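Okay, here we've got a single chain as structure tokens, the form predicted on its own, with questions on binding and movement later.
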């Protein structure tokens, strides 16, 4: 069974003097916004600073001055962004950032990055970048061009793992897998002490988790199928420092690291990335919005030849 785990991601920041997204917007609006991209809200947790929604395809986080939405599969995330802009107007928006990772089967998607930023261009001016090589792991990023300047302490991290080990895939594709079993395997209690956790195991495969503590957030999305395995982590916690533990658990063939406003990214990688992985791509830039962005791809060099994969010619074309 094939599933596209790579996420599309949007962060929309607003002027909280005009509207407080936590207190002035009820959950029915967020449900409609999520439905626009062909996903549904499955469950919710919240504290004084944040609401976190587990979706049928990834996650939505809401703070008083911004929301962050990630969707996977064949969702059309740009529709949700457009819905928010047309509902509340451009005037309350202070900044928009939109990202798309390279997909396993991009031809199966309802749109590409170029299509998506054409939609955004109807509402805001912006710049677009590609981090990484076109024929390898890469991520596309669009940001609005205006007078917004990011706080240097506004730091976030992404760790995106590909081709997890056979052992990890077998554990995460067991029948009747429970949330508790996934948490133990991923050492979530060790990684996230004192966090409030909300998670969901999908049938037949897949796992999503949101966790919040104060203003901090952490989310994990697992596509464990051996032929297209992908596990994503995103957080305000330093995932470069947590990478040794995560990599040891999953043993992926490759993984990407992406950081916003982490000035010590290179030294953190040197001190924390296991020595058997080599850096394939390292790109960085200071965006006009004052987000310092770093992108790195690490691979586990192959030491022997592998066998070709036989394809199911009777299956869907995009899964070939």
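Note that this is a predicted model, so its numbers are computed, not measured. Residue numbers count along the first chain shown, from 1.
Form predicted in complex with another copy of the chain: not shown, discussed below.
Peer 1: Please tell me which of 180, 115, 203, 151 lies within 4.5 Å of another copy of the chain in the predicted bound form, judged by heavy atoms.
Peer 2: In short, 115.
Peer 1: Tell me, out of 31, 42, 292, 282, which residue has a non-hydrogen atom within 4.5 angstroms of another copy of the chain in the predicted bound form.
Peer 2: Selected option: 282.
Peer 1: If we define contact as a non-hydrogen atom of the residue within 4.5 angstroms of the partner, is residue 216 a contact of another copy of the chain in the predicted bound form?
Peer 2: Looking in the predicted bound form, residue contacts with another copy of the chain do not include residue 216, since no heavy atom lies within 4.5 Å.
Peer 1: Answer for residue 73 alone: is it within 4.5 Å of another copy of the chain in the predicted bound form, judged on heavy atom distances?
Peer 2: Residue 73: no contact with another copy of the chain in the predicted bound form.
Peer 1: Taking any heavy atom pair closer than or equal to 4.5 Å as contact, tell me whether residue 254 reaches another copy of the chain in the predicted bound form.
Peer 2: Within the cut-off, so yes.
Peer 1: Does residue 263 reach another copy of the chain in the predicted bound form if we count a contact as any heavy atom within 4.5 Å?
Peer 2: Judged by the heavy-atom cut-off of 4.5 Å, residue 263 is well away from another copy of the chain in the predicted bound form.
Peer 1: So which of 204-212, 169-177, 132-140, 242-250 is the stretch with heavy atoms within 4.5 Å of another copy of the chain in the predicted bound form?
Peer 2: After filtering at 4.5 Å, what remains is 132-140.
Peer 1: Judged by heavy atom distances of 4.5 Å or less, which residues of 221-255 approach another copy of the chain in the predicted bound form?
Peer 2: Heavy-atom contacts within 4.5 Å come from 227, 228, 254.
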